[in-house]
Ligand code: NAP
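The chain below stands alone, shown as structure tokens; this is the form predicted alone.
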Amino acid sequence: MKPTMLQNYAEGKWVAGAGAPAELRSAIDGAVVALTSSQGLDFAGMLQFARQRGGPALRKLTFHQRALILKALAEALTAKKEALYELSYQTGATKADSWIDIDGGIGTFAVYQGKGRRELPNDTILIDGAVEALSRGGAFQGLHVFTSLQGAAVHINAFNFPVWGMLEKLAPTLLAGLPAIVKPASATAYLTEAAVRIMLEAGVLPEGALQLIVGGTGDLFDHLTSQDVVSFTGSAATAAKLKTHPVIVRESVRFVAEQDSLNASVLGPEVSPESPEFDLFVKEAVKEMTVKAGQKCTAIRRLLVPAPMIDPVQAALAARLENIVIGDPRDEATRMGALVSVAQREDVREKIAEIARDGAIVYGDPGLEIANAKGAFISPVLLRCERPWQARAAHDVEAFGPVSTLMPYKDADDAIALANRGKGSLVMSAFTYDTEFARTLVLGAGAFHGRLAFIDRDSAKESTGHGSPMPQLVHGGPGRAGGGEEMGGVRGVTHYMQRTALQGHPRVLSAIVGRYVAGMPVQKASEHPFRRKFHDLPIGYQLTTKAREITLQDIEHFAHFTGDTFYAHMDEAAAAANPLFGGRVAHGYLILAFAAGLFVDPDPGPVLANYGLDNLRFVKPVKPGDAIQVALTVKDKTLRKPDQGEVRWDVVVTNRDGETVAAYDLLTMNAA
């Protein structure tokens, strides 16, 4: 079969690179499957195209509109994913491996589109935190906001996840309103190129929002600015070279690095061979050695077990590894495919030899020829390091393949210190049922790891395991892991935005962010706000209710009716002894109920449902004989469906002296 000449997607066109192309070979049999080159591309022009075409188009869209683009892209990829699966076999990946890469990537898009529509406003500005009072009278206040950067994101991805690695970066980037230039690792670029074609053919991306480089980056870095972001996944050596590029340093270009790390898994000190956690640990260790043939940045490289357990663990690991069938990933009997290339296999063999100086190989033969001699197949290799504190390579050298090292620890402090000797990792897992040990690990090792996964008999059935970064949580880690952070829900979106502090009068701040800010001029309600549809409710539209006196009879009736007979409401002597009350007071929930009675309009109307309160605070006690009054103000609005929108109301309950006694946000769904 004639190899495919991959194309770059630059400045709105598919373009083949010039010059002699590089050959990309199948991990299964070494046959050339694709040719690739990026020579002749105008890299400065690609950046300008992203900034001048893609960026402005994306920034005009709200977060919700961008989220709908992600949804459409996920649907397009899902419809054609079988073609991606077929290509993925050539990378050495089994069907299960490809599911992690392809469906995992699509799932990340799905999560981000949902978060974009639920957690972000239907706007182009994102408020960060609460309003800060900067003056006594309230005429000068502050607020933090996020706005989209006005550059481009350069995504440099690793070979092991050609689809997920691209999509997990693209999802928050596009949601942030920033165009992207994707540069996949050459070895598996044919799979990335196919996925990019599917997304572009969906016809939902603005022109310039997505470009692709299927070769070297040429002089791309020479043209970066402070508005650009470089997001990198790969080796520490390459990251160090890129992040010290003169332009990166001079322009303070944001550089997000996610590097390979020597992740650890710890077997709890209380675990015996009869414990459920023992079997879970062994199963997970073998899984992390063999999924993707161990080519995962999150794979377990160091297995830390209590010293008395090292022999039983070794025996159990060896027994399970014996059942791993290695071969053609298209064969349903295969449990582990090939490394991505013969060159990668040779690198893994060299690294195994280096690690073995600190111990011994106790399972597997790295030199054994397996399956197709021209393929990149290798046996899983388990090493044992008896003296981990005297070892160097076991903590510093990563064999990026089906390789892990078993080592003993003495106690909790020793386990923590050994885990931290990795000098920073993406993930550490612990298999323990001892919650005190789990807390000790967090306090001792949390600073050295981007994620801590606790797996036990209760969570195992639903756990995604040690090696699965989830889009809702951060992926990244300190030190050797790169010091970067990806995903993490909305946190990942803000990495591609600028946080800016705003200062000014509440009127100005409100006009900028489209939200009510206390102290701004309000529009007094000419009709009850519950009579108005979503689109007819301006921000700052305010109803001030009449007052209602709260009597002792009200308090006692509420207490008996609800069963809440707490002494502060029913026992004058006991309540008087409480320094916070100085006598009987009304229930907080009585205040809420009476407040609702003051502002609710009873007749059918545009308000479809009241579905929650946020940020409720009881500020000051209300005593019998006092009166309450409510100011109900339209604070924020988010259109959820064409005919329905969420209205957030600012509710302030005051007493007879005008002092705030309760405050909260009320959420209603209104007809549009």
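Don't overthink the numbering: it's just position in the shown sequence, from 1. Source: prediction; values computed, not measured.
There is another form of this protein, the form predicted together with the named molecule, and it is not shown here; the text below is about that form.
Partner contacts here mean any heavy atom within 4.5 Å of the named molecule in the predicted bound form, and among 567-575, 453-461, 202-210, 158-166 they occur only in 158-166.
The named molecule in the predicted bound form comes within 4.5 Å of no heavy atom belonging to residue 192. Heavy atoms of residue 234 reach within 4.5 Å of the named molecule in the predicted bound form, making it an interface residue. In the predicted bound form, the named molecule stays beyond 4.5 Å of every heavy atom belonging to residue 288. Within 4.5 Å of any heavy atom of the named molecule in the predicted bound form lies no heavy atom of residue 284.
Residue-level contacts in the predicted bound form: of 255, 534, 400, 599, one residue has a heavy atom within 4.5 Å of the named molecule, and it is 400. The contact residue chosen from 98, 341, 186, 432 relative to the named molecule in the predicted bound form is 186, the criterion being a non-hydrogen atom within 4.5 angstroms. Scanning 241-260 for heavy atoms within 4.5 Å of the named molecule in the predicted bound form gives 241, 242, 258, 259, 260 in sequence order.
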